[in-house]
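Next up: a single chain in structure tokens, the form predicted alone.
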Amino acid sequence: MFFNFLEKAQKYNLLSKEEIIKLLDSKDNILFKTADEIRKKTKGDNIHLRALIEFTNFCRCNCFYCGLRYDNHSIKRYRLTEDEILSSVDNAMQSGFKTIVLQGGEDIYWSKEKVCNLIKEIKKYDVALTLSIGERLTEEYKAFRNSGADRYLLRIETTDKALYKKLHPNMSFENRLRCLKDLKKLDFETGTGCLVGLPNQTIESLADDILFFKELNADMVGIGPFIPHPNTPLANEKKDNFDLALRVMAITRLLLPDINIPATTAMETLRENGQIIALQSGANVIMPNFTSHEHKNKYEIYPNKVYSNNCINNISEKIKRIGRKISYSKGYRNDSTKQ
């Protein structure tokens, strides 16, 4: 039965909700092998590197699962200066990286004007730039795009409206959708994704998440296994979500064969060699962290985060063992270079 589903997915990049649910419920590892084969066919053996810079851990939101939440008063807040950010960009460039991911909490200090100025400074380097700074007004997204930003990452987290409302006080699911639609209309390479293993989350809602990625025609999808933070309302929830997150990621590859999918840090945190396992199950991106050592541990979305070594030589040796190699392109979705 599963072979029929997988053959259908390989041929048409389509699955019904019921078929997705059955694949999520299955323990058969043929799913991962199939996702890896599709990744190889569409993306080749290159692994794209993104230099992650977590430039602020201030956040106006109070999401129940996130250690950066506004009501977490035990966290040490920081906000990098423009010079500090550009120093990290320079460090990444000197290390051979071609893509910068600028990520932060929803920090209103970073106004439209400040972000646009920063984008223009970063784009003086020969890099692709991804922003991940949350929900903004349409005019702000337009200004970011006009200033040179190439990509934007905004995870939906869950498409279950009731669960979304419960986990995101004073936020609107409809506004989240509006943001993602704005980003697509403005021709950003648009990234989204979900958390897997949230309390009261169902297999059915995860299937809806995957179908949402397909409907949006997302260019990037990041799948994060939920890891509870001790200073959040979900502190005592379970965190054994690696296998299910891997299945969500693999099925996403079946339905969106040519997108970029990161092997997330959360996977490495939950399972030794978790990123390598993800890279063998459909993923094709790694995001080493270039935040300064002084601040890196303060960006505490979840505890005990494992950091990838950001030395290209070390990364290259690690992935060479699984028959992969580093790409030195900027890694756009439509990048035709697969060698």
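We number the residues from 1 along the sequence you see. Computed from a prediction, not measured in an experiment: that's the story for all the values here.
Not pictured, yet referred to below: the form predicted together with a small molecule.
J.: For Phe188, is any heavy atom within 4.5 Å of the small molecule in the model of the complex, or not?
T.: Judged by the heavy-atom cut-off of 4.5 Å, Phe188 is well away from the small molecule in the model of the complex.
J.: Is there a non-hydrogen atom of Pro262 within 4.5 angstroms of a non-hydrogen atom of the small molecule in the model of the complex?
T.: Output for Pro262 is no: heavy atoms all beyond 4.5 Å of the small molecule.
J.: Though only this chain appears here, would Pro233 touch the small molecule in the model of the complex if you measure heavy atom gaps against 4.5 Å?
T.: No - in the model of the complex, heavy atoms of Pro233 and the small molecule never come within 4.5 Å of each other.
J.: Indicate whether the small molecule has at least one heavy atom within 4.5 Å of a heavy atom of Arg155 in the model of the complex.
T.: So Arg155 counts as contacting the small molecule.
J.: To test your reading of this chain, name the stretch in 39-47, 274-282, 294-302, 23-31 whose heavy atoms come within 4.5 Å of the small molecule in the model of the complex.
T.: Residues of 294-302 come within 4.5 Å of the partner.
J.: Identify, from the list Ser205, Asn72, Ser95, Gln103, the residue with a heavy atom within 4.5 Å of the small molecule in the model of the complex.
T.: Exactly one residue meets the criterion: Gln103.
J.: Can you pick the one in Leu180, Leu195, Val248, Leu254 that has a heavy atom within 4.5 Å of the small molecule in the model of the complex?
T.: It is Leu195.
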